[in-house]
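A lone chain, given as structure tokens: the form predicted alone.
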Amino acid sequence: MSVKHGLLALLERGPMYGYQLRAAFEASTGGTWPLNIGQVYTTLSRLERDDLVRPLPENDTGQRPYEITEQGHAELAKWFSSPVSRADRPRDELAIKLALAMTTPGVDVRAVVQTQRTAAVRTLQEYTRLKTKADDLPWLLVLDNMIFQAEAEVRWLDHCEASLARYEAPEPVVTDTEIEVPR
């Protein structure tokens, strides 16, 4: 999810200033994606530059709320109606880590897998515990997504472990032409 579209979605509810947007964003994601206030204001500046939001006059406490523009409504509608592509998601650090572990001398890949599995199972247990206390649908859906991702990670790690068990590094083949005979 882009912060840009997240802020536009929040402004669809009505005008808000930076700190309100940050709090609403974190509440909407159950605190799973904390935002730096500087990131909020930087994003608001870009949205204003692109005519997707406009600033309103400062309120009595000196805060400047923003509202979404017609172009912002159109951009948000386009975002909501478009699927999220797997290619749009960041690189998977775990997959890269395991690929590098397999090719780095001295790394116990099975230990790397087991360490990650232990962490993923603990995370899964924590999300499940949180789900028993959650009572609003948006947060429940976010938790479900996080649970499904943790379950998928555990499944993938099981697959990696099984693949490692089946994998046998091929022995180097030495031919007669490669053997140097002393003279």
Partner chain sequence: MTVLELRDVHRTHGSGETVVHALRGITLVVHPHELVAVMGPSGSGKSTLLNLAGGLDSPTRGEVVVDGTVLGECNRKALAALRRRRIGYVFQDLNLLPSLTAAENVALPLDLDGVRHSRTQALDALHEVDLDGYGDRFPDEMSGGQQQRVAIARALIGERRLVLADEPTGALDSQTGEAVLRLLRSKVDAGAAGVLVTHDARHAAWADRVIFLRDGIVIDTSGPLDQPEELLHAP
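Residue numbers count along the first chain shown, from 1. None of these values were measured; they are calculated from a predicted model. Between two forms, the rigid core is the largest collection of C-alphas that superpose within 1.5 Å.
Keep in mind the form predicted together with its partner chain is missing from the figure; the text below concerns it.
The three residues 114, 131 and 161 all sit with a heavy atom within 4.5 Å of its partner chain in the model of the complex. Taking a 4.5 Å heavy atom cutoff to its partner chain in the model of the complex, the contact residue among 59, 42, 118, 36 is 118. At least one heavy atom of residue 147 is located within 4.5 Å of its partner chain in the model of the complex. The shortest heavy atom separation between residue 122 and its partner chain in the model of the complex is within 4.5 Å. Contact between residue 154 and its partner chain in the model of the complex is found at the 4.5 Å heavy atom cutoff.
None of the heavy atoms of residue 97 is located within 4.5 Å of its partner chain in the model of the complex. With a cut-off of 2 Å and the rigid core superposed, residue 13 has a Cα displacement that falls short of the cut-off between this form and the one not shown. After superposing the rigid core, the Cα of residue 41 is displaced by less than 2 Å between this form and the one not shown.
Comparing the forms between this form and the one not shown on their rigid core, the Cα displacement of residue 76 stays under 2 Å.
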